[in-house]
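Only one chain is shown below, in structure tokens, and it's the form predicted alone.
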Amino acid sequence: MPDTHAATKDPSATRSLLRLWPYVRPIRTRLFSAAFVAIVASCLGLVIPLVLKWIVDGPVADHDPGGVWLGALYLLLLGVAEAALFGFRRWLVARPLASVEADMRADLYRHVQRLPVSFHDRWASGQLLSRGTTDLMLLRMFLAFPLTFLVVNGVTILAGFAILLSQQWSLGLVLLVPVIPLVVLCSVFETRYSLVARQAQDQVGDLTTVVEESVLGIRIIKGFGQHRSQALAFRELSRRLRGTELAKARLLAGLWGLITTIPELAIGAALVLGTVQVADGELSAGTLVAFLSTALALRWPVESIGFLLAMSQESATATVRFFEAMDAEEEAEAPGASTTHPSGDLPPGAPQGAAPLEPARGSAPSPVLERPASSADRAPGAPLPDPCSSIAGGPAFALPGTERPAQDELTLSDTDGGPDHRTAQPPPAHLGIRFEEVMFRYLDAAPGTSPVLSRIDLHIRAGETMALVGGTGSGKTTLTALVPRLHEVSGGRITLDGEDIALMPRERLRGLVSVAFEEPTLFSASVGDNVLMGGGSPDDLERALDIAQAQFVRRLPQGVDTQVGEQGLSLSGGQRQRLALARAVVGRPRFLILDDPLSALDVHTEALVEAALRRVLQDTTALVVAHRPSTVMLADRVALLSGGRITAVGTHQELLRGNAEYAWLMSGAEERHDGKGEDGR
């Protein structure tokens, strides 16, 4: 994650808060109206001292009880009007500000979904959670109260001092003396408080991260008896946050104490001077009462400056933190990328008459699914289509997903390579998945370090299944993540059917490429919702569950409508992996990327899944990360990744005979596979 605790100085509070204007602009009328209503209500409070002056110098001096009761009625009406106006102000802003908070939270969530994987690799989830919850709550509170009352109290103070100076200018000047030290004090406070406020909010994010990890990893914590160490780590973070919050409280207490003391001293001095003037006959008693009442009415606007500034500074820090995430660059589309091709939605160089590229998964299904007929769709005895026939003027060529050539055109390349290792007339060289001089280095890699992948050249032909084999840390998962552009290549290019993926809109690319990762991730939703994230219809759902041998779903309490819980932890590892595989195949993808999809299955379930998966792989172009021979046997060819480069390509038997590293990897995998057992719940 980024160094959010760095000592770099944030922008000024005013500049930070001004960035909220696009969100505030739609409700500006109600916000300005609320501020005007609050100013009127506050100024009504300044009329009360004038009524007191009239009562003292009039009815009280004249011994007129009726006048006193009339003055009391005026005071009551003024108080009721002031309370009603403040209540009306609150009603004006409550609903709009709740909408602003909801809009900001929705924008943050939407933006985070569009950020590259590298961003999420650097940022702790707790930091994002605190920005979407605590920080946005602070901003709503700021817009509802401090923002309005900084203006209201400022206007009230100006109006109050105007009244004071008009009543007795000499006493008014006495009260003006503290203004200069108060301004200096507030400036110093803002600078110090901003640093502590930022530190506290970052520590809240750290604490949120620890809580989230502890909840998600509760099985590990309990399994290894680490609840004490986790509790100590949490206590240490809590202690640090407590210390920071106490530092905030000390700063605020010091400011509040000085803001309260200095004006009180000025009021005391004005009282002594005013009493002397009344005794000398230079000032009426009513004027002195009105003056002191006005000065006391201004105590709240002056004293509230402390916590209003504190809340404003915290809100400014929250704004900076919010826009730190919002300013992160989204996954940019390459210049010129479009959702369609100039000639009928075809990739560059595709044969005329080829089927158009399929829409993204999750879009509205078209009446006819643009995919080649599977074995189940063909009439009995019908010949398999020839993938090259369109070039010779024959039937149109359907892009990857075509069936394999007819049996009479096939020749076995290696009788020991498995039942599906056959060769035929090769499809055009540009079709399928091609890696051309591909290089990749992580953005945060230290300067001078070697790239993770270097000059990868690999061609997975249309309709072919390629197994990717390599030692731990060789870069297999990184290579597969480049195809759906979860990471961007640092050099070279990757093409799908001749089209550079860097020039394809991501939505369309990820509609063509389906993935199943080694770590299956499920969401707090139903089984059906989790699987159908890969696209498809309810009929496709049943087919996908059968392929993944996930019949256990039918035994769940509500079947496919059963909620799997957070991270799917109510299911076993093998069950989660089967659902992830079903999600990958449910949309009948044109290109399929599988990262060791069967690692958590027992040998019997694995054999069933492999048998069903063979039928799926006939209709797609696939890259499968494999760690054991049983998975390798699903593939037509095997690529060996070593030292960040493809060092060998061939069939399983060819590499076993001719490549010592591959033979060593497979021999170890066989030994581990022989001893593998059922993945328990």
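This one's a predicted model, so the numbers in the text were calculated from it and none came from an experiment. We number the residues from 1 along the sequence you see.
The same protein also has a form predicted in complex with a small molecule, omitted here; what follows describes it.
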Identify which of Thr275, Thr477, Ser526, Ser304 has a heavy atom within 4.5 Å of the small molecule in the model of the complex; exactly one of them does. Thr477
Of Leu78, Leu115, Val452, Val151, the only residue with a heavy atom within 4.5 Å of the small molecule in the model of the complex is Val452
How about Glu329: is it within 4.5 Å of the small molecule in the model of the complex, going by heavy atoms? no
I'd like to know if Glu264 sits close to the small molecule in the model of the complex, meaning any non-hydrogen atom pair within 4.5 angstroms. no
Considering non-hydrogen atoms and a 4.5 Å limit, does the small molecule approach His652 in the model of the complex? no
So in the model of the complex, does Pro96 come within 4.5 Å of the small molecule, heavy atom to heavy atom? no
Based on heavy atom distances of at most 4.5 Å to the small molecule in the model of the complex, which listed stretch, 67 to 75, 440 to 448, 210 to 218, 242 to 250, is the contact stretch? 440 to 448
Residues Thr472, Glu518 and His627 all lining the small molecule in the model of the complex, heavy atom within 4.5 Å: yes
